[in-house]
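We begin with a single chain expressed as structure tokens, specifically the form predicted on its own.
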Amino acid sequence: MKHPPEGIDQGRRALLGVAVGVTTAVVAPGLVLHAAALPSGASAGAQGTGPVTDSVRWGLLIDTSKCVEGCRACVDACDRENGLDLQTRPAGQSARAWADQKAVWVRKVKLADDLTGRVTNLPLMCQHCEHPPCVDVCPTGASFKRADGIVLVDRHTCIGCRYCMMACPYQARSFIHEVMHDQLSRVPRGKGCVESCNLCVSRRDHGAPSTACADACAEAGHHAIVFGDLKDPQSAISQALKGLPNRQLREDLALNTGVRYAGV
């Protein structure tokens, strides 16, 4: 078997095989509340839009042919949206240890094809599975899936056992090790809890049309991420899925993920 091209981190391998002949490698990787603000594109009238129902299923399509190596637009936007950019390294902790410990909701990943040597760049986040392993193993019900397909963590009932982190085949969850001093009121976070991408759930509940990562990718001129309702045949994501060959990561697990990838 060939080794991935130089530059791909071989130290942390996740079981993310998308097809025979593909090797994967995951790479870099007092409470103050701020006044909540409506996300860009939302209006005050969009609040309280009714209960969450299964009439929609939110998801993402990521066109890896448009994902640019070295671009961090989606990662940085996610950090800003959820207050992850407010994290600070604990005193005395090495930079390497901090890189492994700090919360990351979106990671840039490279997939290397053993047969052709082709390297594909893509953002990896919670895949919002229809049948999420994290929910199956959670002893308290803190990990749960909403009716609209978004997989979340209830921080009030999370006991920090991290079973969900071990069960996730995408290594998509982070654990908060330190006391939180800065965070956003729309995205409460706390020591001892697990967290991951929530498809910008605060935007969903205020009626905003997109996610931070999709908006940032578009603003950067790449347009590699499409967000929308997988159940609506007329939605942008449904139309894009019809036009692009696409697949799930780890299709063999039959999780029916809400995040799909083209070009892998």
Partner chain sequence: MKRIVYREWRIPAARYWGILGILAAVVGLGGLAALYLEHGGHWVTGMSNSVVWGVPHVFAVFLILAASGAINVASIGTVFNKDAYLPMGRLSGLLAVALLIGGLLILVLDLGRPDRLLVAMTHYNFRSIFAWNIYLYTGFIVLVIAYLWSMADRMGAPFKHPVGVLAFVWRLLLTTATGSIFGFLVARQAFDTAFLAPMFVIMSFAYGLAIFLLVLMFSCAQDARPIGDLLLQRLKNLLGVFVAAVLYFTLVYYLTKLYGAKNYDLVGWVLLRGGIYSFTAWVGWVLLGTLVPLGIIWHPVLGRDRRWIVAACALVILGGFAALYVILIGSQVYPLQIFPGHTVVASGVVDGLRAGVARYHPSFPEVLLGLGGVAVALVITAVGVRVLQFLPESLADPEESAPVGPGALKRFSIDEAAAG
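Keep in mind the model is a prediction, meaning the values are calculated, not measured. Numbering follows the first chain given and starts at 1.
One more form of this protein should be noted, the form predicted in complex with the partner chain, which is absent from this view; the next part is about it.
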Check each of Val187, Leu86, Val179, Ala147 and return the one that places a heavy atom within 4.5 angstroms of the partner chain in the predicted bound form. Val179
Among Val56, Asp76 and Leu152, does every residue place a heavy atom within 4.5 Å of the partner chain in the predicted bound form? no
May I ask you to state whether Ser174 is within 4.5 Å of the partner chain in the predicted bound form, using heavy atom distances? yes
Is there a heavy atom of Ala240 no more than 4.5 Å from a heavy atom of the partner chain in the predicted bound form? no
Are any of the heavy atoms in Gln183 no more than 4.5 Å from a heavy atom of the partner chain in the predicted bound form? no
Would you check, heavy atoms only and a 4.5 Å threshold, whether Val135 touches the partner chain in the predicted bound form? yes
Can you name the residues of 240-264 that have a non-hydrogen atom within 4.5 angstroms of the partner chain in the predicted bound form? Leu249, Arg250, Leu253
